[in-house]
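Coming up are structure 1 and structure 2: the same protein chain in two forms, each one given alone as structure tokens.
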Structure 1
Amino acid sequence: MKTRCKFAAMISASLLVIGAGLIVSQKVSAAGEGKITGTIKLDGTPPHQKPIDMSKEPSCQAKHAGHPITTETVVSANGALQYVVVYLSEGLSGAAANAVPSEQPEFNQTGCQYVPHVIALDVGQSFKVVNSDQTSHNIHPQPKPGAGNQEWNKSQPPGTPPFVVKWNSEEVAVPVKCNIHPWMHGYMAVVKGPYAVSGENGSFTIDGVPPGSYTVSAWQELYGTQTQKITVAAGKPTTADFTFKAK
């Protein structure tokens, strides 16, 4: 009777170990994962980007050559659209969806602007809020009430150290504003699973996508969300281009 119990315990323990190993190996098997690349374009004339007059904050104005422009639609000469968040809105399995990247991106307040203007984050991913200016900032993200994230705001006098925070629920996207400088505006997109934000040339790459069928979403602050259904194969890139229509 006693030995039997022991045997059963050993069996279940080894099963547990194997199971855990399988889960872990699924996470780290980079070779078997695909990626999604693409370019985001804007079709039509972008809205006028009004220059920002920072004359009331001379230390910030000094960091810019002329008047910096609003960053709500940043379009390059060939129509490529920057600051678009691309993420997998459907199709991710539990493990891949719940993995939290360990790197800590930085959300910087510099020259009285948020750099980057749009930051994408995984649920539970820590990020650092930095004040590089010679003035106080009061960063104030305003998540939708009831969506699971708490609204907060925090002052950072010049010279105070960065602080680290994270978001607990998915939300695309949390608007962020500075309570001291009304023109300062940005977004934090909180998603589950891999994500990317389009760069200056409108291109993006989402790495580490397990093979499978997905709905890819692209979100832009003025033009909203577009989706595409794609299938990602192991080890090779899949293309998903998006084109937003100017209003």
Structure 2
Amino acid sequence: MKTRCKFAAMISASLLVIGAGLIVSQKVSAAGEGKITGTIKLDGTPPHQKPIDMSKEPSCQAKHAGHPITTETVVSANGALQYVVVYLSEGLSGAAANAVPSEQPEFNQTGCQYVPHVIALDVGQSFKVVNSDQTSHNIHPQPKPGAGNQEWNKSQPPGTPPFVVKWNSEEVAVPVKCNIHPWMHGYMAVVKGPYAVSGENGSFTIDGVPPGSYTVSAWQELYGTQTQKITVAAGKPTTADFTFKAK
């Protein structure tokens, strides 16, 4: 009986040690990830953005009363550049390259605009398409033929629930339009691995980057793509700033 008790105690102690080792390993793994931070700037005067006439859709026009709405091809204030997709275009491999985030971002149709104007997604990542307007929309992404993504065109009347979709292949970026409201334009950038989209102040942060050497790409719908070579160290931030020249 004593021998059995001693054996059981030894097994329990061993399991505790193994469990503690797993916890430490998880913590080390999390702490070992780095991140990339930076700012996207525009050198020069941004091009004039054309005002949008929504008079044919009064419910949307009412949402913008008091402040004019313009196109969003280049959104820049005080030298900062918004809606630039930043991602790892080379160097990511293994589980990190194939991991699919569980988060479901929203691509919202509100005020007869796409919010956000540019959304970034991982290959295979589910996202919600939402209609917050009191009018119907016909969302129509147009991926390149042969790129591995299937074109679709889906009507979404007011009051209907969001629908969930995903993309199967990398593509930077898929243009989106509304067949009902011709001024509505946006983009869906499909990448593999961690990504970010620059905010109003031009800044971005890519979290969860394993240590290693990478090519970082920054894509903007008018100015195209810039790249940088960087090295990410464990548990430390790495900086990657980009400046686009105004046309």
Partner chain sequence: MAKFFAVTIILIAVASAVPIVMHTWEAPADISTHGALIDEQMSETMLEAGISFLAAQIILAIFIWQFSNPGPDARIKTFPGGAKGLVIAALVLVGAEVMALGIFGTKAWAAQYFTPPAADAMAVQVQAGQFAFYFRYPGLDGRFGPIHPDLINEGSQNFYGLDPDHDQDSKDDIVAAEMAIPVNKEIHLLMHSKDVGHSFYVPELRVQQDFVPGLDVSLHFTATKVGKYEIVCTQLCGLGHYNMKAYLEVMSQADFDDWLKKEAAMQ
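Under this definition, the rigid core comprises the largest set of C-alpha atoms superposing within 1.5 Å between the forms. Small disclaimer: the values here were computed from a predicted structure and weren't measured. Counting starts at 1 and follows the sequence of structure 1.
Both panels show the same chain in isolation, but it is structure 2 that comes from the form predicted alone. The two forms, fitted on the rigid core, differ between structures 1 and 2 by 2 Å or more at the CA of A65.
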